[in-house]
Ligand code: NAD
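Next up is one chain by itself, shown in structure tokens, the form predicted alone.
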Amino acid sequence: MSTSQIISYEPATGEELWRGRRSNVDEVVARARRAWPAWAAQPLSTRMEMVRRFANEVRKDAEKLATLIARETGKPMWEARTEVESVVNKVEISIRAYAERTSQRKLDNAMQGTASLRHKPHGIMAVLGPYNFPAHLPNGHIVPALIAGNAIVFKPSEKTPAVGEALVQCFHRAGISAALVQLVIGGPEEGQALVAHEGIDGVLFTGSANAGIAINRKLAARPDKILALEMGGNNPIVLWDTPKTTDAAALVIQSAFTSAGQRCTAGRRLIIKASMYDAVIAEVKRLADRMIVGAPFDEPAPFMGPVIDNQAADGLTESFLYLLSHGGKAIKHMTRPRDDLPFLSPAIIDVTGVKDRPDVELFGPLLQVIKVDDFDEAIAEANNTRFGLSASLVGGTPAEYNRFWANIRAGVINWNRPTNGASSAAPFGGVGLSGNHRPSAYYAADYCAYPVASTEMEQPRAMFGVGLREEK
């Protein structure tokens, strides 16, 4: 049975950071429904001005918000600051995207009147946010949805409610009604209640594939509700011929271990040409051995902090041991300096000899290495997953990259760049278990409003000349 409160703890210290009462979902949705029509009736220019004011509020509070993100997620302060920058930048990108993706069009035809295309908001959008980017990722749904004229009911992850609350307060300080952007505090039960609620017109979700599948199943008989699923990945890095082994190793490290591996776009599987193996793996291990793992405000600044909590750390440790006991060969062991805190060292394991490798998203600093002999085998191995979010080719020729791009199943495909760090100015999403073909980021405008086609004349005009008897 759930308690009446949600409590958030700092991963790096284990200390309580925040607590709050669970929300009444029915009351929150009812308030949003009352507030929505007035917002939808506002001119688009007014809604754009209001979200620009929100960006200014975030700018004013940038350091305070970054500090809160660092404390509640455990990520280093430098990374928390980049998240706040992304929140601010999202506003102008979303305004530009709305104008491009949902622009109004008119085509005049003297005899048939005017053909018009305009867009309408869906209504009340439930935004379910993740813990790894507790401000940037939900904001990527909220801002486009507000511009389009929707009301927002936002449930942050139960692991990062303090950041969710701070984000919502920035909207309110900007003059956007507290009934229009509302916070739901709660866990899975409140999330399920929102998804199933009759007063919700759409669900915008970022999180695990298991949770996304459950939401999809719940709404299978409700095609009237818009559903955007942004889920995880078991993302491959294919490393091929290149003389630049140091650069290649750095790209692998950035892909696998940024944010302690807690990015949906993190590189999970390094698929490497056998002839490159010794040189590159030695360099990857050398860099990983030098990596500083620490608390958010440590000096010198750590590359990565802890994972989100002890449960996540336990699961990752068990996964490493599972792979080890099923034929994996440790290149760099996963260690845990303290049993009571979720700090983990970056781990690297060769799973070439593991039969029936589990196709799961291991959401943390654990890189699996697979050795292959030819490029077709590399592509087949990269596609050996039900996910399809991001993939990178490191090394190789332009012709090989063309083959890679043409044959890889993923929504983000990079060459000589990390798997993570996608641009908000491009669409973001994947195939398979990574999404439901409603990419976010620049394309979020597509699921925040629906197109309405109209033919219009100022006076009725109609005639028909077949199928009538002659007048007597």
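This one's a predicted model, so the numbers in the text were calculated from it and none came from an experiment. When you see a residue number, it is the position in the sequence shown, counting from 1.
The form predicted together with nicotinamide-adenine-dinucleotide (NAD) exists for this protein as well; it is not shown, and the discussion that follows is about that form.
*Asks:* Is it the case that G129, C264 and E361 all touch nicotinamide-adenine-dinucleotide (NAD) in the predicted complex, with a non-hydrogen atom of each within 4.5 angstroms?
*Replies:* Checked in the predicted complex: all three residues contact nicotinamide-adenine-dinucleotide (NAD).
*Asks:* So in the predicted complex, does any heavy atom of G191 sit within 4.5 Å of nicotinamide-adenine-dinucleotide (NAD)?
*Replies:* Yes, G191 lies within 4.5 Å of nicotinamide-adenine-dinucleotide (NAD) in the predicted complex.
*Asks:* Taking heavy atoms only, is T206 within 4.5 angstroms of nicotinamide-adenine-dinucleotide (NAD) in the predicted complex?
*Replies:* Because a heavy atom of T206 falls inside 4.5 Å of nicotinamide-adenine-dinucleotide (NAD) in the predicted complex, the answer is yes.
*Asks:* Can you work out whether P156 and nicotinamide-adenine-dinucleotide (NAD) are in contact in the predicted complex, taking contact to mean some heavy atom pair no more than 4.5 Å apart?
*Replies:* Within the cut-off, so yes.
*Asks:* Mark E72 yes when one of its heavy atoms lies within 4.5 Å of a heavy atom of nicotinamide-adenine-dinucleotide (NAD) in the predicted complex, and no otherwise.
*Replies:* No, E72 stays farther than 4.5 Å from nicotinamide-adenine-dinucleotide (NAD) in the predicted complex.
*Asks:* Going by heavy atoms within 4.5 Å, which of 341 to 349, 93 to 101, 231 to 239, 288 to 296 lines up against nicotinamide-adenine-dinucleotide (NAD) in the predicted complex?
*Replies:* It is the stretch 231 to 239.
*Asks:* Between the options L183, M304, A248, L137, which residue brings a heavy atom to within 4.5 Å of nicotinamide-adenine-dinucleotide (NAD) in the predicted complex?
*Replies:* Exactly one residue meets the criterion: L137.
*Asks:* Heavy atom within 4.5 Å of nicotinamide-adenine-dinucleotide (NAD) in the predicted complex: which of A214, L324, L117, M276?
*Replies:* For this set of options, the contacting one is A214.
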